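What follows is a single chain, given as structure tokens, in the form predicted on its own.
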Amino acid sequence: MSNSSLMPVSESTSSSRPRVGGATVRKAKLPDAVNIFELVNSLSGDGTLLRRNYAEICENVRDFTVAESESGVFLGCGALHLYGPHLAEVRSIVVKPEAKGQGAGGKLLRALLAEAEDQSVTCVSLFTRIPDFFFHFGFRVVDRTLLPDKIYKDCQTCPRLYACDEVAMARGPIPRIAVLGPSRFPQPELVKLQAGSIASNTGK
């Protein structure tokens, strides 16, 4: 998932640390940045994940949630990038090979979905090569051109722009607004976030 909703989520990520098979999840802190950096970039060589530099991870560490064992061993991570109330994206969700089968991946995803719900985000998106996993969480396959914020932020600079083998997925209603990119997106149905505030990409 180069950057890799909403099934009803009853678990909160604010103070509890729900467990699945002994794994717990919590919001990442700066000391976790090294582990996140090493794990994400270990899968960047084949394009599974986009390479992230250490400074970028530190700057965005508050986007991340981490999974760890009962003894505090780092097992995996995932991030929720917020574009606005209309859209968030699940990114960089990955677990160590030795943690697979313990439910850590599902626990991370549920925590990220709970965070999106807490933020009142109406649509959660992701790009992945394993859509079957995300179908179980209420995601569906969508046309990537319906997510212009994502395309403008990442896809235009991706080395696989013209050979992408990932599937775009979303959970919730597809946004009718966009906050990034040039104003020439050919989508006349885009509307303003609020009258007199943030302009949408309608070219007006």
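Predicted model, so just to flag it, every value in this text is computed and none were measured. Position 1 is the first residue in the sequence shown; the rest follow in order.
What comes next is about the form predicted in complex with a small molecule, which does not appear here.
**Q** Is R51 part of the interface with the small molecule in the predicted bound form - any heavy atom within 4.5 Å?
**A** No, R51 stays farther than 4.5 Å from the small molecule in the predicted bound form.
**Q** Using 4.5 Å between non-hydrogen atoms, is R176 touching the small molecule in the predicted bound form?
**A** Contact with the small molecule, no.
**Q** Is it the case that L43, even though its partner is missing from this view, gets within 4.5 Å of the small molecule in the predicted bound form, heavy atoms only?
**A** Yes, L43 is a contact residue.
**Q** Wondering, does H136 line up within 4.5 Å of the small molecule in the predicted bound form on heavy atoms?
**A** H136: contacts the small molecule in the predicted bound form.
**Q** Pick from L80, I93, C123, A114: which residue has any heavy atom within 4.5 angstroms of the small molecule in the predicted bound form?
**A** Comparing distances to the small molecule in the predicted bound form, the residue within 4.5 Å is I93.
**Q** In the predicted bound form, does each of F37, T65 and E70 have a heavy atom within 4.5 Å of the small molecule?
**A** Zero of three within 4.5 Å in the predicted bound form.
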